[in-house]
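Below you'll find only one chain, the form predicted alone, shown as structure tokens.
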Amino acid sequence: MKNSLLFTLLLLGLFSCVKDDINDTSTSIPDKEARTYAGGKTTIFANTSFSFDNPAPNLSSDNLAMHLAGDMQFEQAFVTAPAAVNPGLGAQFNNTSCISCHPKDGRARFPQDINSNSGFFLRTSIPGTDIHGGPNPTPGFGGQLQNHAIYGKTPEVKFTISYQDLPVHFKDGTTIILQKPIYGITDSYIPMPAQAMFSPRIGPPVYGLGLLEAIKASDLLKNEDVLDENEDEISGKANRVWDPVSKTHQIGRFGWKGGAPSVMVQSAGAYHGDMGLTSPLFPHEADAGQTNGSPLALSTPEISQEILDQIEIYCQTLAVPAARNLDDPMVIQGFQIFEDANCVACHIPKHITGIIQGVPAISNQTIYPYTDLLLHDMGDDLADNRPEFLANGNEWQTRPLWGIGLTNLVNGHTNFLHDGRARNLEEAILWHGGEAKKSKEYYTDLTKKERTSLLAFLNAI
């Protein structure tokens, strides 16, 4: 009897330990304090609707002055020339200001009307490459389709959209219907070449860009595994793109496919493609019909180098919002699931920045952006089938996750991914395929409580 009682107690203790191990949330997230300061010393504790548009708190007085000047430029709306203030809006354009595509320095909402003024647009190219190995501009349209025009001019195209339902089934019997957007064009001002390719894009957040730019190239390349030599089925690669500043190929860090090497080039490219504004980096007009032959170059750029410098500092030195609720047991459990699902293979949590000359605030910072800034095959359902330098039609750059849980508070929506198709974070996970297929399947096998925990972690960082 005594031996039987002892055996029973041992069994109860064993099962108790197993249960405690499964549900144990008493441990803390490693490096919790460092993770809280997601942007290192540029971190700001601002859990408000203005969490994304603050200057980094550690700026020098000179950098702060430049940041504030850039803030003013970021909000400027451009109009038709001639005008006393902000003239030069392209004859064809997608929007009229930086802030219109990056509201409150955050994420653009997917538009209810696909042709309204919004942060949405379509890139275009035809097979082949340009002289630098980049996308080959579509004759008569260039690299981006403009669906608006100034008075007396005609938009290049109007966008169209339809949807295909894609059901996703969870192990617990839950089913979610994803809506796959199918894009097209109509009302083309000239016939669209039959071989033209389109790639949808939507304006991403702009905080923390300087920190991402400051990560050493050698550190990014350490995470490349193009041939999947470690056989984990994940083979990230860096894009190598043309830099019009250095006149060399550099690692692509910005844009949905890593198509821009720096904040400066990304900003000047947005002025040019989105608003039709020339600058020292892009001196040629991008209006419809001028992409063949020799496009017109203005003697005086519409965006000066001084403005580009101000915009560069502004985007480089926006504060990163602090992580929140890292002591919450549900968040702690979600962290463990994030690790176990191997999300960290691409969304690498930690980086240390190098030195950016003239901007000490973003130099030598320990940061937690949760990205490797590398390209990954994300599967056929997310593919745009359009190459961009080394990125093929299935590849996208890993997006940073810091601050993502504040999107609804700041921008009033939860539209994610390169074209805003995901209506919430769960849908964003479910769209993952290709190299991320196993991680998505891990998620669909979880219980409802476990899925909620993972989402709680993502909303916390």
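Only a predicted model underlies this, so the values are computations on that prediction, with no experimental measurement involved. Throughout, we count residues from 1 along the sequence that is shown.
The same protein also has a form predicted in complex with heme C, omitted here; what follows describes it.
Looking at 135-143, 163-171, 278-286, 204-212, which lies within 4.5 angstroms of heme C in the model of the complex, counting heavy atoms?
This holds for exactly one stretch, 204-212.
To verify the annotation, which of these, 51, 63, 411, 398, has a non-hydrogen atom within 4.5 Å of heme C in the model of the complex?
Here the answer is residue option 398.
Looking at 192, 91, 359, 98 here, can you tell me which has any non-hydrogen atom within 4.5 angstroms of heme C in the model of the complex?
Looking at 192, 91, 359, 98 one by one, just 98 meets the 4.5 Å heavy-atom criterion.
Taking 4.5 angstroms as the cut-off for heavy atoms, does residue 404 touch heme C in the model of the complex?
Because a heavy atom of residue 404 falls inside 4.5 Å of heme C in the model of the complex, the answer is yes.
Using heavy atoms and a 4.5 Å limit, would one call residue 254 a contact residue for heme C in the model of the complex?
Judged by the heavy-atom cut-off of 4.5 Å, residue 254 is in contact with heme C in the model of the complex.
Taking the shortest heavy atom distance, is residue 338 within 4.5 Å of heme C in the model of the complex?
Yes.
Would you classify residue 234 as touching heme C in the model of the complex, given a 4.5 Å non-hydrogen atom cut-off?
Because a heavy atom of residue 234 falls inside 4.5 Å of heme C in the model of the complex, the answer is yes.
Can you confirm whether 198, 319 and 391, the three residues that make up this candidate site, all sit within 4.5 Å of heme C in the model of the complex, judged by heavy atoms?
Zero of three within 4.5 Å in the model of the complex.
Heavy atom within 4.5 Å of heme C in the model of the complex: which residues of 43-67 meet that condition, in order?
Nothing in the stretch sits within 4.5 Å of the partner.
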